[in-house]
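Okay, so we've got the same protein chain twice, two forms, each given alone as structure tokens, structure 1 and structure 2.
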Structure 1
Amino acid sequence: MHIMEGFLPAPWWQAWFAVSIPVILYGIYKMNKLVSEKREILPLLAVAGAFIFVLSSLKLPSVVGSCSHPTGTGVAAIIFGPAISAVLGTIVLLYQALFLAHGGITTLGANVFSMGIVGPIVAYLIYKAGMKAKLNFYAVVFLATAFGDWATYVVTSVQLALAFPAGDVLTFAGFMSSFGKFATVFAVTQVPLAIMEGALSALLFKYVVNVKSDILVEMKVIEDAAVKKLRGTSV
């Protein structure tokens, strides 16, 4: 859910930048540490960023007739963790604003917060919890990505409702009423979209596990024993 350029009025777009920038800086710090330990990770991060961009520019087969794109950050969060996903998400969002006019420069802070920070964190937490509970790997990926998308969409509705509360003055009741409206209208596209993206991510991991599972084992996304179980080969 990209918020368009110029959509957020004065105090809000600055506020969302103020919230997002420390997280991005923390992400850069984490990334620098990782790169200094393992130098071969930087090119991998670069291709992962390009992968997210290309993924987000693919059209999903749509259910309701609106054109919809996957966000791709859920997959990044599962592989690299939320801190680095925030950095990758920021760069991808910047390119989307400049190449495709999705989102904008003044709304970049708000968009980074919803798509680059909250979405990946939710996806990552669900992924970790699910793996700990020893659920099926693909089901966990599906849930993590879908809920990550939904979190993004709820945050976007919150951002819009804070900027445009019902009754013009920001009160709790006005915020809630406006939030309800934005959330209901966007739900039409976002609820099926998140399910689609969850299914797509699960399929992605299924093919990767079948063809080249050593990538995932190497990145500590999944353990070797779990891969063998998924592929149906005994240890």
Structure 2
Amino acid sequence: MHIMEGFLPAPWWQAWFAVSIPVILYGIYKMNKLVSEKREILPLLAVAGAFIFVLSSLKLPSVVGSCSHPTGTGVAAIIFGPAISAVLGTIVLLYQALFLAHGGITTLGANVFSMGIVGPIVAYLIYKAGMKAKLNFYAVVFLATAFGDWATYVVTSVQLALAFPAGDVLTFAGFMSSFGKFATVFAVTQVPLAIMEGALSALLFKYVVNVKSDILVEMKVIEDAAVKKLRGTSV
């Protein structure tokens, strides 16, 4: 999500930085460790980052006067985990803030938390739970990426409601009133967008399974036996 520059008042924009920075630092550590062990993974990291950039740059007008967009972070979360996804999301959001006027520098912490941290965590947990339950791989990818997208906008609604509660005083009633309004604004376009992102992500993984499944096995995204089953070959 791209909360615009200067939109969040103090102390909220500082608080989201304080929450996000430790996760980003841990993600940098995880990424450096992964790259040092598997240099061949660099192109896949770049592709995952590009996927986030392209999808999250598609700002689509909402019928309620706002803008919505896919996030693309669910795919990275499934492959690399939420910590590394947070780093990729931060790089994308920083570039967009500096060169595309999407989001802002003061609101970067809040945007990273919603799109780069919570969204990937939700996608990752749903993916792991779905695979543990032995559900269909593509259905799990669809659910993980769609719910990761929705989680991003739920968190953004929370962030805005905390900063701008009804009545200008932060009470539970004021927070819930504002949260309902913000969430409703986003839901009109974000519900179908998340469904489309889930379908696109499932198609992307179907392509990877068919042409480059070894990378998914190496990253422990899916077991080799499951890949062979999906491809219709003998185990």
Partner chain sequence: MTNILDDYALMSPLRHINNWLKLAIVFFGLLAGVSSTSPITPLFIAFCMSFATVAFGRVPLKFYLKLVLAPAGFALTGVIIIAFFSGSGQELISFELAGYPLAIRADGLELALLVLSRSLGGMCCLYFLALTTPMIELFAVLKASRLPESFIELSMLIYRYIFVFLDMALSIKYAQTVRLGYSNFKRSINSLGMLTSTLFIRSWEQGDKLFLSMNSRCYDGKMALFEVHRPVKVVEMFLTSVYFLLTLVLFYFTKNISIV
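Rigid core (definition): largest C-alpha set, two forms, superposition within 1.5 Å. Counting starts at 1 with the first residue of structure 1 and goes up one by one along its sequence. Quick caveat, the model's predicted, so the values are computed rather than measured.
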Inset, instruction - Mark the structure, either 1 or 2, that is the form predicted in complex with its partner chain. - result: 1
Legend entry - Core superposition result - C-alpha of residue 33, shift between structure 1 and structure 2, Å: 3.3
